[in-house]
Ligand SMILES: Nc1ncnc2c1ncn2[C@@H]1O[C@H](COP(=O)(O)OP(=O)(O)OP(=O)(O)O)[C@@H](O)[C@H]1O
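One chain comes next, on its own, written as structure tokens: the form predicted alone.
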């Protein structure tokens, strides 16, 4: 059975999609088979994987719709390959914005994604969910489907402050599920020369010592170039500092989920 990891932060620009894609590629390098799921109506992960949603016959939207209609269509038919063997994707398209609105009107919508990806858990070692940069119905269905939550956070005041709301949502969900869900913080876009970054990092260590991962991701211009070529950093620039840091993150995540 696979481990399902939701990558989430309602604050945009913290490297969430980059972390989702790069972490997943690093897990593939370790020998795991990984599925990434694009839950963002902006479809950034789909585009980062080098796919054009206008050219795809089926996306996550169709999978969610098929389950809402009790269709017997196999979930595997909605999966697309990326340029990296062993890394597949449930792609997104802008129609997901409609699904985001409609979910609230459906009974037990929280479990919709969990049911949709359930047949895939015997195929993949990890299923990594790229949540939208909002605390919406799509984020909630990701949390209900997840075994773990990974929160990329930038060492900036607003990014760190936004953790309060996200952690409140997680706490509320845990009470409704009557189940604790492990969550982890990973610092991204870190500049050790920046005094504010160092100060916020120290605060994160003080307040969240049990949840803050040892690995942090420093700024790297190569990460910004990856979406242009449709490859993860470990493929596009395998010898860079960023590639090595995401490999370290994959090792740490693998140890944590065990």
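Keep in mind the model is a prediction, meaning the values are calculated, not measured. Residue numbers count along the first chain shown, from 1.
The following text describes the form predicted in complex with this ligand, which does not appear among the structures shown.
Practice problem: Report yes if any heavy atom of residue 86 sits within 4.5 Å of a heavy atom of this ligand in the model of the complex; otherwise report no. | Solution: No, residue 86 sits far enough from this ligand in the model of the complex that none of its heavy atoms falls within 4.5 Å.
Practice problem: Considering only heavy atoms, tell me if residue 44 and this ligand come within 4.5 Å of each other in the model of the complex. | Solution: Heavy-atom contact with this ligand at 4.5 Å: present for residue 44.
Quiz prompt | Distance check, residue 195 to this ligand in the model of the complex, heavy atom within 4.5 Å | solution = No - in the model of the complex, heavy atoms of residue 195 and this ligand never come within 4.5 Å of each other.
Practice problem: Look up in the model of the complex whether residue 218 has a non-hydrogen atom within 4.5 angstroms of this ligand, and give yes or no. | Solution: So residue 218 counts as contacting this ligand.
Quiz item: Of 189, 34, 51, 61, which residue is found within 4.5 angstroms of this ligand in the model of the complex when only non-hydrogen atoms are counted?
Solution: Residue within 4.5 Å of the partner: 189.
Quiz item: Tell me which of 203-211, 51-59, 229-237, 35-43 has residues with heavy atoms within 4.5 angstroms of this ligand in the model of the complex?
Solution: Result for this chain: 35-43.
Quiz item: Within 11-26, which residues have a heavy atom closer than or equal to 4.5 Å from this ligand in the model of the complex?
Solution: Contacts from 11-26: 11, 12, 13, 14, 15, 16, 17, 18.
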